[in-house]
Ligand code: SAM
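Let's start with one chain on its own, the form predicted alone, as structure tokens.
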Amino acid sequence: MTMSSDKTSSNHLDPASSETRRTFYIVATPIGNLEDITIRAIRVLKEADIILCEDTRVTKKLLEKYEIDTPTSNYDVHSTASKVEKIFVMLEAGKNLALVSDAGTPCISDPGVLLVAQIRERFGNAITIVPIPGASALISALSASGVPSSEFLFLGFLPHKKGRETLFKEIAGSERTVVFYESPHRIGKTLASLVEHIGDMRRVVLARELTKVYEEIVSGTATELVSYLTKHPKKVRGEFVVIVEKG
């Protein structure tokens, strides 16, 4: 299927057409609330031959909700070269594959990016790679932050050790809004580093548990946010999106 044909009124995979048979879909799935999935994503997941999942147990909950019985197979950061070769064989056989992550848009701070690069290297333009857009923690957090986002720098997950200090210096010197992901185990140290490098001259936004029951978005100086989490330790849960206002 070509990208243009996916936009036509038929919008369905046609087994009889060779043009529809060598497609790799990158399908965004909900980041929390299972209702945050597009009609197009549901259709593609139903019509694909195989769904490649980061964790099949997680994806199964979504598939069951929407009565999708497409077979699944695991693909994650630990997948071996032999696993990738099996994926190549399926594509060569004319299978349509859909890639999902546990939550959000695959390939954004996600091991799926390596697979897409390998497919492009192996097949060139012989395989059509089609993004099916949808939920993203990055964009969701920015939209509700009130921080200017006409341009921004996204850093993904910060490294645990090597290069971490360099990145905080880069954040301090940035003339653009900076966004990154952080775990609950390191958010305290991260805020302390922000206090050290940017002081209280710039606004910081923390977004956690987006679209879930305990969703929370709080804003303040880095010092104020350190104090807030110290007073509310039970709120140090779930992965965080951290937004630092441009300098």
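In case it trips you up, residue 1 is the first one in the sequence shown, and so on. These numbers come from a predicted model, not from an experiment.
Keep in mind that the form predicted in complex with this ligand is missing from the display, and what follows is about it.
The contact residue chosen from Val130, Ile108, Met90, Ile127 relative to this ligand in the model of the complex is Ile108, the criterion being a non-hydrogen atom within 4.5 angstroms.
Note on the partner interface in the model of the complex: the residue among Lys65, Lys212, Lys46, Lys189 having a heavy atom within 4.5 angstroms of this ligand is Lys212. This chain is displayed without this ligand, yet in the model of the complex the stretch 181 to 189 from 56 to 64, 181 to 189, 197 to 205, 37 to 45 comes within 4.5 Å of it by heavy atoms. For the marked spot (Ile26, Tyr75 and Val100), a heavy atom within 4.5 Å of this ligand in the model of the complex is absent from each of the three residues. This ligand in the model of the complex comes within 4.5 Å of a heavy atom belonging to Val241.
Taking the partner from the other structure, this ligand in the model of the complex has a heavy atom within 4.5 Å of a heavy atom of Ser136. Of the heavy atoms in Ile50, none are within 4.5 Å of this ligand in the model of the complex. This ligand is not drawn, but in the model of the complex it has no heavy atom within 4.5 Å of Ile217. Taking this ligand as positioned in the model of the complex, none of the residues of 58 to 87 brings a heavy atom within 4.5 Å of it.
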